[in-house]
Each structure stands twice: as C-alpha cells, then as structure tokens.
Ligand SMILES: NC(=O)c1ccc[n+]([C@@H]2O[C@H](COP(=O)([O-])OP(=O)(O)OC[C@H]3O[C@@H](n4cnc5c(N)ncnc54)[C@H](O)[C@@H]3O)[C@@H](O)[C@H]2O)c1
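Encoded as structure tokens, the following chain is the form predicted on its own, with no partner shown.
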C-alpha cells in the first residue's frame, strides 16, 4: 500500500501545509478528496452551494486537520465572479494554491436536444463553464507562484462513449475532456511552468448524483476508492485517470471507447453500440 510519504515525495504539490481548492467539495468525490488531502496535512478550501451540507462537510474536514486548516466558501461555479471571489478568498486566507480540483457538477436530465433550453444551459454553465471559470481564476495565480501544482478536472466516461440517456450531461463532459486536453498542452508549453492538468474519469461511483440510490449499489465504487485510484494515477504521471468500478474493468472500458471512435473510422451510424443493426457486431467485439 502506498504511504503518505511516498505520495508527497512523488507529488510535491500535495506536501503538508500546501493548499487544495475543491469545488463540489461538500459531498461525493469532492468531499472524499478533501478528507484524504486533509489527512496529508494540506489546507483545504471547500467550495459548494452554501447550506447545511457545506457546513457539515467543513466540520468533517476540520475534524481531521483542525478548524484553522479548512475554509468554506459558498460558490456557484456557473458564475465567473463567484469563482474569482473564491480564488481571492483562498489565496488571501492560505496563500499560494497548489491543487485545484474542478469537481462541481450536476446530473439532472433536461431532455431531448430540442427541449428545455434553460435547463440545458444551466447544466452546461455548471459542468463545463464551471471548469473554465476555475481555470481562469486560478491558473494565472498558480503559474505566477511558480510552485509545483496540479489542476484536476472531473470528467466522465459518458463524455467519451456518450451513451443515450442524458445528452446534455454527455455534451458537458465531452467539453470538459476536450478543454482539459488543450489545457494540459498549453501548460506543458508554458515556459518555466510547474503546473500540470489531469482529467479524472470516474466509473460508476456512489455520490450525490447517483439517481434513485439511497445506499451504495454493489457495482459502484465509493468516492474514497476513486480518490485512492486518482492519487496512484497521479504518481504515475497519468493525464487520463480512467477509473474502473465493480462492474466495469479497464479492458471493458477500453473496448467500449475503441468501438465509439470506430464509428467514425468505420463510418457506422452514430452511437452504433445501441443501434439494432450493429448489436451483434458490438457483442462479438466485446468478446474478442
């Protein structure tokens, strides 16, 4: 098992006393990250919609590192000015930030492509523009500090294989994937930068977004499992942090993703994995 010392030696951005900012930090993967990073001795800035859930999360993190090591900032990431205020409070309270985790997201389904423009826009404003706002507010300051740093954006397998069911969510997470790839390229070409970007791709995870579940489904990972996997992947220098779960192994995910890009290469119908004329071919492909 990897020790805290090994994590912090390999990832100096996570050194004790450094500062982590986590959006969507009041529950699920975000709260799991906050608790784990607090256990490493980091100072934690929790950003989420204000209310009892954020207060409870702040107390849980403070119980690990102490009241003076956690700051809660009610934030609507869809609003650039609120994310700018988050950055000002984080840097003002604790100094330079070494880890930014753009994790806030919603999973509500606005419906068909021609329905509910307002709901579509709201989802994209949070899931995609919330990530952009975070990068805009924090990356220049993190670059200026010149310290080792990490930006981790939470994507989704649905942003890669785009299964039917929630098109708006798929669109938002596809955008996060593309944006984070471009961000990683820009950072590695920024002269003197010690800041890298990474895409967290959770599998089936029991979080606040798990629809209709009052307890963890057997096939789901916990947020804590996702964060343990994320830390191990970061130690290996991975950009794509592709998490398995209790139902989907990495080979399964790889085949599904290969089939998805094969739709273009083979000129199959869009989303052919769910097209009745290609069902047998897809099943045979998965068995190879």
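Positions refer to the first chain, counted from 1. For clarity, every value in this text was computed on a predicted model and none was experimentally measured.
Just so it is clear, the following notes concern the form predicted together with the ligand, a form of the same protein that is not shown.
- Heavy atoms within 4.5 Å of the ligand in the model of the complex belong, among the stretches 22-30, 252-260, 232-240, 35-43, to residues of 22-30.
- Proximity of residue 63 to the ligand in the model of the complex falls outside the 4.5 Å heavy atom cutoff.
- At a distance threshold of 4.5 angstroms between non-hydrogen atoms, residue 180 is out of contact with the ligand in the model of the complex.
- The ligand is not drawn, but in the model of the complex it has no heavy atom within 4.5 Å of residue 195.
- Using a 4.5 angstroms limit between non-hydrogen atoms, residue 166 is distant from the ligand in the model of the complex.
- Checking 185, 122, 85, 216 against the ligand in the model of the complex, a heavy atom within 4.5 Å turns up for just one residue: 122.
- Every residue of the trio 76, 104 and 202 has some heavy atom no more than 4.5 Å from the ligand in the model of the complex.
- Using a 4.5 Å cut-off on any heavy atom, none of the residues of 270-288 reaches the ligand in the model of the complex.
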